[in-house]
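Read the single chain below, which is given as structure tokens and is the form predicted on its own.
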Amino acid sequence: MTWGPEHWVGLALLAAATFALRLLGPWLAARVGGGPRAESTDALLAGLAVAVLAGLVVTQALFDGREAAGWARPLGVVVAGVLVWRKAPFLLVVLAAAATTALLRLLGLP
């Protein structure tokens, strides 16, 4: 595939849009977040972040595309969750979750 001028123009537009989007964040934070805000708003925003992250973890742990991921991956996530709850180091959490999933798959669990 050869790149024509339309590809370079598209790439430049995407780069400019990405840069503008990145600049929009601090501008909005200064406009919206610069003034006094209720504590309930801060709590709501923190709760939304946790809800979004929890949703990502659940969908990635339970589904592989449009099908169920099997049992090995969710059990690996459960091991990671327990270790995070016990405040284990991050490297240990990742290695234990990966090892659990790999061991369960080695034992034939999908």
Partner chain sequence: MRSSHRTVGIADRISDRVREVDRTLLRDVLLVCAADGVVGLSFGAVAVASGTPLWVPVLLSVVVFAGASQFVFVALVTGGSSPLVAALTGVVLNARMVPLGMGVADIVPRTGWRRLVAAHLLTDESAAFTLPRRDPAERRAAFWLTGVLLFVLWNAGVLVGAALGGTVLASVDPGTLGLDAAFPAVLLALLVPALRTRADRRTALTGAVVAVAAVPLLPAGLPAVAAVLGVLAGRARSPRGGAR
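Basically, rigid core = biggest C-alpha set you can superpose within 1.5 Å across the two forms. Numbering follows the first chain given and starts at 1. Nothing here was measured: the structure is a model prediction, and the numbers come from that model.
FYI, the form predicted together with the partner chain isn't displayed, but the following is about it.
Under a 4.5 angstroms non-hydrogen atom cutoff, the partner chain in the predicted complex lacks L107 among its neighbouring residues. Shown here without the partner chain, the chain has M1, W3, E6, H7, W8, G10, L11, L13, L14, A15, A17, T18, F19, L21, R22, L23, L24 in 1 to 24 lying with a heavy atom within 4.5 Å of that partner in the predicted complex. Core-superposed comparison between the shown form and the other one: the Cα of W27 travels 2 Å or more. Core-superposed comparison between the shown form and the other one: the Cα of A49 travels 2 Å or more.
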